[in-house]
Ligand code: NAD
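Coming up is one lone chain in structure tokens, specifically the form predicted alone.
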């Protein structure tokens, strides 16, 4: 049931069995890549990278567009892979595909402009010219999770590729085949096999990858991310971490009640709550609290949970037992401290081994894990607050700072309040779209991570700057002095002029 089970084949190769969370059936086995094989893969990537870089951004972007066309032509198979390995409903699986489509098209139209050489202001105008060029790191490694195995495998890998890096992907052993499918399509589109590689295995394979690459991008838990960051720091290689979240949503008294209710349910129950940007706690201003609860219960009772085909299903199942058990512990602890379950709260074994009801819980407070620790399940805890200021204070108390949302009719006030939240992105009347909008950066603060993905900021993390200072030597003579009297007078003049003419 989407739990990695290690086996050893007769030849001595260690493998991991992968099962579908929908019904427990065996999907297949993956080999465990050992450290020696990881090191060899990095060396092959390092040897192949210069030719890939020499192709140029415009050459590389054509290949990514071809990859997108190949996926689109076979999209039913892509959706099948995602659903079989994760237990998602069709609508949620298609969101992964749509987000990657949007990313590829943004990169196609913007990467060459973002990474082109820039001309800057020199120290001495006329006689000097200065430029900033962007160069790839070399070999970039990616350790990606199981909850969005297609989206999170390629949302960072594609910008690294188009920036001229070679890439090595280590997907979760729980959901490896969708990443393999996407990688195979990259090769079919024209990316050389040594430029884009995949290594399978468990935490040992991921640890080995950190030991050899030039840059590491990790998406996963805060606990593991801290270990990856420590090893990267020992090697003095750059890294980015997209980690956990306990994302708050604030509903103001002027909100559209029905739109807020359905928006919160979508934000909390998409992918059965197994999203780092899920709505995991809700603060509602007192005047509309009871009315909002009534509408949330009304809509929650209409949700269709199951594994059927089609876009009408609202929620699938957990991907593994570990997350289900943690969700149950959080609910039980909250109820023991006085919380009430209004909707759901139980397993659905009639649907499959990892199905759980969408759950609405109230009378919660910050003494409960369900309001403090990441749950990663289909639970929406709701707390009444006096006003927006109390909601902001409570939202910021948490150790995480990834995403947030505010529901209000006053869009200007919503944006003003958003600036008071300590997190990487805030949606006004909408959740989840930070990571799904390729033109803007998203990422966490505090325990939610380091760095940004998306937009020019996310693309430029996969390059290093190199500055070029070009001196024409016009009007200059050989001189051992670092500055002659004329140079000093020129500097003094420039200092005075730059008070008023900044581009000099």
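Numbering follows the first chain given and starts at 1. This one's a predicted model, so the numbers in the text were calculated from it and none came from an experiment.
From this point on, the text means the form predicted together with the named molecule, which you will not see here.
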Could you tell me which stretch in 425 to 433, 105 to 113, 262 to 270, 198 to 206 has residues with non-hydrogen atoms within 4.5 Å of the named molecule in the model of the complex? 198 to 206
Looking in the model of the complex, is the named molecule within 4.5 angstroms of a heavy atom from every one of 145, 244 and 376? yes
Among the candidate residues 178, 402, 213, 279, which is the single one with a non-hydrogen atom no more than 4.5 Å from the named molecule in the model of the complex? 402
Listed residue (165, 240, 172, 398) with a non-hydrogen atom within 4.5 angstroms of the named molecule in the model of the complex: 172
Look up in the model of the complex whether residue 224 has a non-hydrogen atom within 4.5 angstroms of the named molecule, and give yes or no. yes
Is residue 154 close enough to touch the named molecule in the model of the complex, meaning at least one heavy atom pair within 4.5 Å? no
Answer for residue 217 alone: is it within 4.5 Å of the named molecule in the model of the complex, judged on heavy atom distances? no
Should residue 228 be classed as touching the named molecule in the model of the complex when contacts are defined as heavy atoms within 4.5 Å? yes
